[in-house]
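Just the one chain here, the form predicted on its own, laid out as structure tokens.
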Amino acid sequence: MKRLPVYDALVIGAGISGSNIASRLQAAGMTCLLLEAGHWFNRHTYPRNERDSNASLFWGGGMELNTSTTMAILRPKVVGGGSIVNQALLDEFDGSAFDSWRAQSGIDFLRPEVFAPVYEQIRKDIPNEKLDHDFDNGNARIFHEGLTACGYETASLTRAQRGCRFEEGNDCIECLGGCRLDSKQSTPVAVLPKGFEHGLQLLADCEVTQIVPGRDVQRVYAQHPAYGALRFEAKRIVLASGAIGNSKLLLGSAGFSEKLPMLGQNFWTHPQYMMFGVYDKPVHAWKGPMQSWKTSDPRFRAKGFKLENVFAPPVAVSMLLPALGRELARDMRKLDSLASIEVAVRDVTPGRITRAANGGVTIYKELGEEEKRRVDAGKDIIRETFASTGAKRVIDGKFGIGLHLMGGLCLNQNASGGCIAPDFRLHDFPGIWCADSSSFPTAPGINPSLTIMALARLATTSILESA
């Protein structure tokens, strides 16, 4: 068993939170090691097709399922995490999201006025652009023009991107498998290089299997395909493996479940349901920017859902379409003439994560009656939108998707309500910190990426002040 030196901080998970915290701690003078279970790709080595992307960039070979097999859980497994496989949207949380967080957690600093200057600084640090509608594809036009004609409000999306070269025919649906232009400002592009400049170390393909907390030194055990069993030591550990990853790790390590009764509880996903409109003319939903519009209608927010201008690669579309055999082949031959709109709901019925007998995880996550009403309300608007733009047929996607994975540890004033204290340390474990999406007390109903970055910066400040 190989042993490496003692670090000031060891960060587990090189996604949005972990990359930001590790890079900033290293720049501030700490010695940091960043561990990631997934592979470290770059723009030259990202998988070239959808099948390989699913197998290489996600846990479970592409998806994991809830216990009823009604929801596909998409959990990134790659250096960069969600910033590699998402659309790099930068949406700020509103008062409703923070009000819910304060009410659930009892933590007073979770307010818009605290996060506003952090959001502003992130936008200055990371290149971002409002989408140029000169390059809208047919799907975007159906979304914007249809909703507007029906009396609903839309707004342009802001994305962490630079130089997407749409004028040259670049199609951003490829970004779901990693951006081969490095125009999407993922953490390997926009964050990690700054950490490397100051000596940050990153070990990819290294899955942490156990944590042993201590008073002065924390121990971490891991497995690597080339190096075998590894043991690391650090003065402090930062958990950044997301809702499922953090819960799985702590549930499999001795002593945490007894002191953290809410471990694995209050798991949220923003359940998403895609619907397809079939048109008698080309839509080319896969051309140019995959997303360029969002709904901004306050009536939707009040009802607990939003609509998204999205599409999916062919394999995913074939899985979502309910037809089989010849009927599925018929629908897939119309791929160029399909439009898609997705309803994403702000879930209020918490799920939970447990450790399975085989060492994996079991995900308990179902729609409650309120979420079902929200899904139905969103689908009614989608049908109305498709009808207003001349769709010949509307197809209801056959299962839900869980993409924004949140909670499981949760910020809370007390250990009886959550695992993470207001200073981002775990309750009763002062050497272990966490500020990724697993810290979310409730589902915000808004894309979480920007706020994960903001929490990472606040946690970094807290770690440095305590050193």
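Every value quoted in this text rests on a predicted model; they were computed, and no experiment measured them. For every residue, the number given is its place in the sequence shown, counted from 1.
Although it is not shown, the form predicted together with a small molecule is what the next lines describe.
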*Counting non-hydrogen atoms within 4.5 angstroms of the small molecule in the predicted bound form, say which of Ala443, Ile452, Leu25, Ala459 makes the cut.*
Ile452
_Contact residue in the predicted bound form, chosen from Glu92, Glu207, Asp136, Asp297 - any heavy atom within 4.5 Å of the small molecule_ = Glu207
*Would you mind picking out the stretch of 432 to 440, 413 to 421, 40 to 48, 25 to 33 that comes within 4.5 angstroms of the small molecule in the predicted bound form, counting non-hydrogen atoms?*
432 to 440
*Examine Gly81 and determine whether its closest non-hydrogen atom to the small molecule in the predicted bound form is within 4.5 angstroms.*
yes
_Thr269, heavy atom within 4.5 angstroms of the small molecule in the predicted bound form_ = no
*Quick one: is Leu202 in contact with the small molecule in the predicted bound form, heavy atoms, 4.5 Å cut-off?*
no
*Touches the small molecule in the predicted bound form: Lys235 (any heavy atom, 4.5 Å)*: no
